[in-house]
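Okay, here we've got a single chain as structure tokens, the form predicted alone, with questions on binding and movement later.
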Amino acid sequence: MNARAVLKTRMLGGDPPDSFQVHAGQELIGTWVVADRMEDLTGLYKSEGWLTKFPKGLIDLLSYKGGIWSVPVNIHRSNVLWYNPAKLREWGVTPPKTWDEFLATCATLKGKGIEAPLALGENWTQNHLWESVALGVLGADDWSALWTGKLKFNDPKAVKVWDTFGKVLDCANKDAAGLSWQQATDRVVQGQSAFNIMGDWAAGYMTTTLKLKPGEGFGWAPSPGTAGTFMMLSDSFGLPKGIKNRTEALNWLKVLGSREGQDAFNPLKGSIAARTDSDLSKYNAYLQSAAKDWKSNKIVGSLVHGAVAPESFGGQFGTVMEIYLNGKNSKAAANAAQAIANQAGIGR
């Protein structure tokens, strides 16, 4: 938050940084592109040949009013269900493919004495869970339609998301608010819970910090109902207008978007390249699996990680979640979400 405050001061004060990191999509577009503070990078994409190297779904998320506004350096996946393969075998269950299957599996596990089959952490991880539930209930097209205003947040289809979310929460630990996302992941690794829905930085944590082997120490699947869809977020860099070192900044962006740059950075971070031509021999088994899906799946953007909604909506979504958690009233939460969508100008 401190960095954002400094960025705002500099951008509005006529002293923009040569470039800055921002989540790809509306986090940049809804704040600085609409304010006419960024350069259109379409020319750079054409000269570097990137229009055929990044998937169309990603370029669509980076685009606004005919321009492309940032260079994505990596891709993380939001909609991943993590589990411990040995424990699932021990309990005689398999990773659920739909939310109905998930709820039935949780009932089975509770019958075996697993109090909280779903491990959940602090507030933002609940928002993160919500977007996977929403994608699974709505499907890719209706999820995307929420962010263009074609589907209202209080449409019956969207109200059903909250109904399902409430049932999913009943499968989770009651002390979620006191846990970090890493501690929620630990519960799955240690066999206290069966599942965790988290972005694939969890794979980085389990591989690097916990020294687990992908496919053996931990397993993964698309979150229920989302097979064939890749909900993405990305760290990206743009080109502010009026900077002092424009040539150097452009050279920096060229490195970030290059195959060599992406394949040097991403295996270390635990993310995949945004490009579809990366050298997969440099990546572990989980990342190779994610890269395969990245090439073939339908791509949609994450709410929680800045891809699909302006910051004004994302910042207030926590209030919508509080309204829901306080009363478990799906219609009240859906109406509140539509009200902040109206304020944020979604669908205008």
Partner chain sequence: MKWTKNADNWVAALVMLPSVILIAIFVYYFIAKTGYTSLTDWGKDPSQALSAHPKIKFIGFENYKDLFTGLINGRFRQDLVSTFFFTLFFIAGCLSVGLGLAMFLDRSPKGEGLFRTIFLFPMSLSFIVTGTIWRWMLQPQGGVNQLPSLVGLPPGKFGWLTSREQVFQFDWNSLPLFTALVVAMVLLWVAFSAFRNGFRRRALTALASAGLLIAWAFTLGSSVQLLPFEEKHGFNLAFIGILIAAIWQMSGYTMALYLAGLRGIPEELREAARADGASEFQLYQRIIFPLLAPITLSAMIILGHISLKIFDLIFAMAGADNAPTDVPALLLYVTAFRSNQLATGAAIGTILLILVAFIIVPYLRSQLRSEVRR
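Residue numbers count along the first chain shown, from 1. Note that the structure is predicted; figures quoted are calculated from it, not measured.
Another form exists, predicted together with its partner chain; not displayed. Remarks below refer to it.
Q: In the predicted complex, does Trp32 have a heavy atom within 4.5 Å of its partner chain?
A: So Trp32 counts as contacting its partner chain.
Q: Is it the case that Gly43, even though its partner is missing from this view, gets within 4.5 Å of its partner chain in the predicted complex, heavy atoms only?
A: No, Gly43 stays farther than 4.5 Å from its partner chain in the predicted complex.
Q: My question is simply whether Asp141 lines the interface with its partner chain in the predicted complex - judged by any non-hydrogen atom within 4.5 Å.
A: The answer is no: Asp141 has no heavy atom within 4.5 Å of its partner chain.
Q: I'd like to know if Glu311 sits close to its partner chain in the predicted complex, meaning any non-hydrogen atom pair within 4.5 angstroms.
A: Contact check for Glu311: yes, within 4.5 Å of its partner chain in the predicted complex.
Q: Specify the contacting stretch among 46-54, 288-296, 24-32, 66-74, defined as having any heavy atom within 4.5 Å of its partner chain in the predicted complex.
A: Only one stretch qualifies here: 24-32.
Q: I have Gly178, Ala336 and Ala339 flagged as a candidate spot, so tell me whether each of them has a non-hydrogen atom within 4.5 Å of its partner chain in the predicted complex.
A: Judged in the predicted complex, Gly178, Ala336 and Ala339 all sit within 4.5 Å of its partner chain.
Q: Considering non-hydrogen atoms and a 4.5 Å limit, which listed residue (Asn123, Thr98, Thr94, Thr208) is close to its partner chain in the predicted complex?
A: Answer to the contact question: Asn123.
Q: Could you run down 305-330 and flag each residue that has a heavy atom within 4.5 Å of its partner chain in the predicted complex?
A: Read in sequence order, the residues that approach its partner chain (within 4.5 Å, in the predicted complex) are Glu311, Ser312, Gly315, Gln316, Thr319, Glu322, Leu325, Asn326.
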